[in-house]
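Coming up is one lone chain in structure tokens, specifically the form predicted on its own.
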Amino acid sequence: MNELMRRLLFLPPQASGFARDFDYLHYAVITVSMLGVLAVALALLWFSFKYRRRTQTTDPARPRPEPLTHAQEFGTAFGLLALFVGFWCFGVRQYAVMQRVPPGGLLVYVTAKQWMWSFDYANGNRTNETLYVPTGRTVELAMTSRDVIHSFYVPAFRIKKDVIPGRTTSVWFSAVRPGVYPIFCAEYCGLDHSVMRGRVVALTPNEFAERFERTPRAPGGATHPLAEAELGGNGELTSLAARGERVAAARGCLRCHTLDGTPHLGPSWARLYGHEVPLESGAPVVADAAYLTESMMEPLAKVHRGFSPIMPTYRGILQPAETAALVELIRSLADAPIQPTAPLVSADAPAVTLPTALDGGIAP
């Protein structure tokens, strides 16, 4: 029945773990809607025939429809409300599933620009247009844009997420079978919006391990001066975290942040990713890719409690590839050992005046 309904509605293959559940809700909404329209149409035809006007004069013996009782009206309204609430509950549950990323997955950094997709892996590999993923494993995409708003859309996976410049948005999926699945941009982004396409190549775990190690770098290379950080001294690819450490040193991030848990002018990056961060506003926030990117671009939006708000914005200064490298560096330190005797920074510590980012000062 599932395959029959999918073909009748011209839906793409169900290639992700939650695609079938999404389609079941789609089937239910479409079926109920079509049955409701059919019932209304049949009732209209029946009433039109039964109570049609036969003469110009009113026949007192002619039967007239009885009005609905209060119980019938209440029952109809309650039924429609229950149907709406039922659909809403299933939709909310599916939305919650998409928002909770299972641990232990593969994290890929996605950069959108007019008019192409770039994918950076933690081991240093980079591809354009083609995203290689293993089947049966969670894949999380941390996405940002270099220019305008785009939207990452894979119909076979039933995922669609806006990609916004200066921010990081996340989406995840788990491919259930090997294959090639098209990627589209679902947000109009300029003259060649229609050709901004890519593909997801889902491989078996063994094939992915083999292909992943020999995935070529993006042709043409980067034009930013820090692009050489992608290669080690022997010309081999280095990990994205290693590139992030070089970016942190070049941008001056390590003047205020430490990698071993020692407090400094800014929070240490050790054991930061994935942990709760206390904020001056009160409610804590989890330090994920979205929060870290926001802290780089809008540092005053969510100030870490106990630290002075001295960090300038890096919007327009950090390239998306640099941002991804810094996030991966911080993620690699999620379980790093910290200095047990390191003193805590006092919330009453005086603010320190530092050079701005444009002058080569502090970094996120």
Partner chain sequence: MTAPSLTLPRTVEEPPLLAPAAPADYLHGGGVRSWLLTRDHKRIAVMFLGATSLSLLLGGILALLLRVELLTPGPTIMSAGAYNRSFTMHGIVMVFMFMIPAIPTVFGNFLLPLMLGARDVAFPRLNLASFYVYLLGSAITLTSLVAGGADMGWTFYVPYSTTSPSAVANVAFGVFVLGLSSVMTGINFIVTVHTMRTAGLSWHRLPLFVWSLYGTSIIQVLATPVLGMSLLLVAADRLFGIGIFDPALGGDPLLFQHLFWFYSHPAVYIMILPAMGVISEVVCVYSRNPPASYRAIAYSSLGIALVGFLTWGHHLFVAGMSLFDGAVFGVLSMFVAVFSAIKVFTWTATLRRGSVSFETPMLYFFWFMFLFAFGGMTGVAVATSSLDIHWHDTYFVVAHFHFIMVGGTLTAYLAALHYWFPKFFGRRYNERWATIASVTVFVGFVLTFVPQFLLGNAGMPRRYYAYPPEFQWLNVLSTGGASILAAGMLLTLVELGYALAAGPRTERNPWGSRSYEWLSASPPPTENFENELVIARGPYDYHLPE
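Residue numbers count along the first chain shown, from 1. Remember, it's a predicted structure, so these values are computed and weren't measured experimentally.
One more form of this protein, predicted in complex with its partner chain, exists but is not displayed; see below.
Quiz prompt | Contact residue in the model of the complex, chosen from Val108, Met98, Val285, Leu259 - any heavy atom within 4.5 Å of its partner chain | solution = Exactly one residue meets the criterion: Met98.
Quiz prompt | Contacting member of Pro178, Pro263, Gly252, Pro165, with respect to its partner chain in the model of the complex [4.5 Å, heavy atom] | solution = Checked against the cut-off, the match is Pro165.
Exercise. Spot the stretch among 133-141, 146-154, 200-208, 268-276 with residues whose non-hydrogen atoms come within 4.5 Å of its partner chain in the model of the complex.
Key: Every other range fails; the passing one is 146-154.
Self-check item: 4.5 Å heavy atom contact, Gln114 and its partner chain in the model of the complex
Solution: Result yes; Gln114 sits at the interface with its partner chain in the model of the complex.
Quiz item: Does Leu191 reach its partner chain in the model of the complex if we count a contact as any heavy atom within 4.5 Å?
Solution: Yes.
Quiz item: Heavy atoms within 4.5 Å of its partner chain in the model of the complex: does Gly91 have any?
Solution: Within the cut-off, so yes.
Quiz item: Is there any non-hydrogen atom of Arg315 lying within 4.5 Å of its partner chain in the model of the complex?
Solution: The answer is yes: Arg315 has a heavy atom within 4.5 Å of its partner chain.
Self-check item: Interface residues of 12-38 toward its partner chain, as seen in the model of the complex [heavy atoms, 4.5 Å]
Solution: Contacting residues: Pro12, Phe22, Leu25, His26, Val29, Ile30, Ser33, Met34, Val37.
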